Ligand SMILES: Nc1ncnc2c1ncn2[C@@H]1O[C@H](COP(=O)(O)OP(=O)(O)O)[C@@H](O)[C@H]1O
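The data below hold one chain only, encoded as structure tokens and taken in the form predicted on its own.
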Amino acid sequence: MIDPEIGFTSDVIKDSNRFVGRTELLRNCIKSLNTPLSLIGIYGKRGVGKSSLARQVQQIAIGNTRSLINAGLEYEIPQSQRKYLTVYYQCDSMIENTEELIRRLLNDQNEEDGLLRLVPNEGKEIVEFERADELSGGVDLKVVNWGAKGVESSKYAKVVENDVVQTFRNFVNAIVTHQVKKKMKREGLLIILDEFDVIKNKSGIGSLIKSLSSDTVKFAVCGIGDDLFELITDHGSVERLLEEGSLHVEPMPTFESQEIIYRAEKLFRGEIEFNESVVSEIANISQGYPYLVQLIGKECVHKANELRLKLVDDHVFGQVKIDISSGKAFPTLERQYLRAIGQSEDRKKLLYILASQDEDRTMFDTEVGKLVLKKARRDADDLEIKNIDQLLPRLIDQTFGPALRKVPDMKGYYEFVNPVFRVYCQLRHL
């Protein structure tokens, strides 16, 4: 039995050896990290690999250039590359506003990524150590002695009662003064905020980032495009900070999707192989979403184990496609699918029509796909789907997903909330 996780994972890619493609984005990462004053903005659709790229930004920031070398960019790495201490925080939907985000940062005791681990205090010794990518991805410092009294942050970084913003400033300044410059001899502190789009009220975050950004403090924000524009709206000067740090993560080209599978084969060390025809088909039906390539790859290994085979050929992949189209393969996506369609066969057909509709492109953002309802009506009539206006509300109801949302200021236009789910709706009809 072969463990699919050796070559494929549905988790964020932390290990540089697993990271594939994105050469131009990695090239821009080098530029933005070596620019003293900038904000790194990583944005794109769900499922395109934003968080994995953010983890590679962190790796490059601490001096691990393996992903750059794998991408053939070793000659573009500056001899005097700027190195950072890093903080990595993954936001969640429980964070209501800026103050709550800062409070979380101030209290995060994660020993690999947390801000608090860098705050200097008596009895805490911080040393650099050799990292193992998969087990300690993104770690550049490790606390080896927290002191007899636990985590105390009052010696160098003053805690201002009831003022989380000023306390955060004090913590950052203390880290820069005592850790970045004195102990670790780095060029700066990099604070990465992942899943930024889930924060409900982002008012004030842009101003805070602008006021703290300097040649020794840099922020990286990872989320969907609209949320980066909210930062600019919050503080106009943020736009200038983004000029050299804007990283738009689009769906992968087909050859990079194929490379995910080739890299997995290397990680399996010959224990399992994929036919070229299967590699091509997986890359095509995944439509540029690396998350789906990983999911389908894992399912292929499971099926090969079940059939006691070491080669994923057209027969094995045919069985996988049957499992996908029947809803057996991906339970999470299937639950979302069943919530959306309910008990209605007509709604199932309508969802497929919408998922298969060619995306309209806008002149302002060539990535955002719009669904035109009147086009769906024509196809629905051909399939004798009745009462489309009664079927649609469930698809945009928060209680059941939602699968779709209305496009503001564009009457009759909708878009899928999760583009990966859109592709899954097509795969259910393989």
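Remember, it's a predicted structure, so these values are computed and weren't measured experimentally. The first residue of the sequence shown is number 1, and the count goes up from there.
Another form, the form predicted in complex with the ligand, is not on view; read the next lines as being about it.
Here the chain stands alone, but in the model of the complex its contact with the ligand, taken as any heavy atom within 4.5 Å, falls in 287-295 among 213-221, 287-295, 238-246, 334-342. Three-residue candidate spot 20, 46 and 52; every residue lies within 4.5 angstroms of the ligand in the model of the complex by at least one non-hydrogen atom.
Note on the partner interface in the model of the complex: the residue among 252, 172, 209, 105 having a heavy atom within 4.5 angstroms of the ligand is 252. None of the heavy atoms of residue 417 is located within 4.5 Å of the ligand in the model of the complex.
Contact check for residue 354: no non-hydrogen atom falls within 4.5 Å of the ligand in the model of the complex. Contact annotation for residue 13: at least one heavy atom lies within 4.5 Å of the ligand in the model of the complex. In the model of the complex, the ligand lies farther than 4.5 Å from every heavy atom of residue 115.
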